[in-house]
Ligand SMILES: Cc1cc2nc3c(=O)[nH]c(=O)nc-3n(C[C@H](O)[C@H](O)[C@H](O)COP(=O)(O)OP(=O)(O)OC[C@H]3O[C@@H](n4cnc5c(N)ncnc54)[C@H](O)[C@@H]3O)c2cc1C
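For reference, the chain that follows is the form predicted on its own, supplied as structure tokens.
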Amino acid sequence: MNRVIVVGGGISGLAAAHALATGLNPPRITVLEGSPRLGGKLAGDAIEGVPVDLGAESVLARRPEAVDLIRAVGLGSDLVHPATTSAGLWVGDRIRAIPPTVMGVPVDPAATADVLGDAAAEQVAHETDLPAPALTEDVAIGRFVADRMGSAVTDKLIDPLLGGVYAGKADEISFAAAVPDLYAKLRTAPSLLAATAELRELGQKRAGQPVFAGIVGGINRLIGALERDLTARGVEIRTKLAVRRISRTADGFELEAGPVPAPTYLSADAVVVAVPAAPAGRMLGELVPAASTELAAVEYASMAIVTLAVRKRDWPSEATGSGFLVPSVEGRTIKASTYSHAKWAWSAEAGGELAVLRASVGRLGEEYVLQRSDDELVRLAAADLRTAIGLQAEVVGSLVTRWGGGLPQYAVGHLDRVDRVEAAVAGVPGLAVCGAAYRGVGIAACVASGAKAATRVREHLNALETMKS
């Protein structure tokens, strides 16, 4: 029986292993994870007895991949949707409603006045007076939109919305990678406003369909369910075994793992590399140097999640909706806050008299923020929440989770870089790569990436079987 080794036990690697294990004539599969646990950036804990997600807390429901996987591993009955998705923007002295946008790019100029100011909203309205965009190559979304609509749009709308996804800088993020549908429209649309209006209309046709989904008890439960499912299917899972090097052999691959003084060597007919760009580049340095060089150029941002518990009786009445985003130009410590007890009915029920909320801290280049102690981050987050929503309540429980190098940055030209990586990897039959570093950082995109890698590996194994017969 052919053997496949999946390097990396995050959601992408586990999704790849699941796709291989559930296909026809599954190979012998081993998952290698360098850390003590599976899940990567999907993790959970409890605060004062209330379950919480420490990383991502939902999946994109309008893409089928993650929801289908949740159902496949037996959690379909626990699928839920947010009780509210009405988020605001902390601009100036209060939380303001987010106007209709496509990932921060306005749809209705008049609706932006409260956030941007009248003069900036007027500039947005005159975007249609400019020559057609006619985009032919990738650009930084923040700079492009600022040139056409004014810097206020980038600073107060695009920055906070993209900051929540990438923890990066709008002036450096790839338009083609971050908002591909809008980028595609701008090849032929007469204006940026015309393009956003068209996409908004398409979105309204899907009105009533939930955008996001979660799992009762936290989206992190997906990892435990995947582990149980894979183990039941005979997949071998080994943690605390980091791979350092992958090399080609006469009949497959050899992987060197474990400590340098006492390495472990493993052989495989095919390999899926499902780790972040930097370690992927290092382990592929000898095998695919061209891909290794490209992967080494992918930057990562670090951030932290500060989870707090307060008493529901102390929750301020003016704090409505699911939370708020914070533009970096506002100079606050936190960049967003989610009221978990308001967003998820299961969290409100599990919390009893406690309300759980979380704040995110840290953007690209702000690693110094994360060098503060847990106590200081909790104090700073609580102070921002006091100013933003009048939360005077005593913090009765807290957790600080640091994600060092947690979010890949999709710089201008990112998709071209990914094309080059995938082309180089395609030159090595039996090798595949997947993960957040390539074509999407969300859970659904990572699951899709893992499934794509599994398909490539399965095609190679089928070719091997054909040759043997």
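All values reported here derive from a predicted model rather than from experimental measurement. One rule holds for the numbers: they count along the sequence shown, beginning at 1.
Keep in mind the form predicted in complex with this ligand is missing from the figure; the text below concerns it.
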Suppose contact means a heavy atom within 4.5 Å; in the model of the complex, does that hold for all of 23, 28 and 268 with this ligand?
no
In the model of the complex, which of the stretches 439-447, 411-419, 44-52, 425-433 has residues with heavy atoms within 4.5 Å of this ligand?
439-447
Could you confirm whether residue 7 comes within 4.5 Å of this ligand in the model of the complex, counting heavy atoms only?
yes
Can you work out whether residue 400 and this ligand are in contact in the model of the complex, taking contact to mean some heavy atom pair no more than 4.5 Å apart?
no
Verify the contact flag for residue 310: yes if a non-hydrogen atom of it lies within 4.5 Å of a non-hydrogen atom of this ligand in the model of the complex, no if not.
no
With the cut-off set at 4.5 Å between non-hydrogen atoms, does residue 16 touch this ligand in the model of the complex?
no
If the cut-off is 4.5 angstroms on heavy atoms, which of these, 279, 289, 180, 92, is the one near this ligand in the model of the complex?
279
Which of these residues, 124, 195, 303, 105, gets a heavy atom within 4.5 Å of this ligand in the model of the complex?
303
Suppose contact means any heavy atom within 4.5 Å; which members of 29-47 contact this ligand in the model of the complex?
32, 33, 34, 35, 39, 40, 41, 42
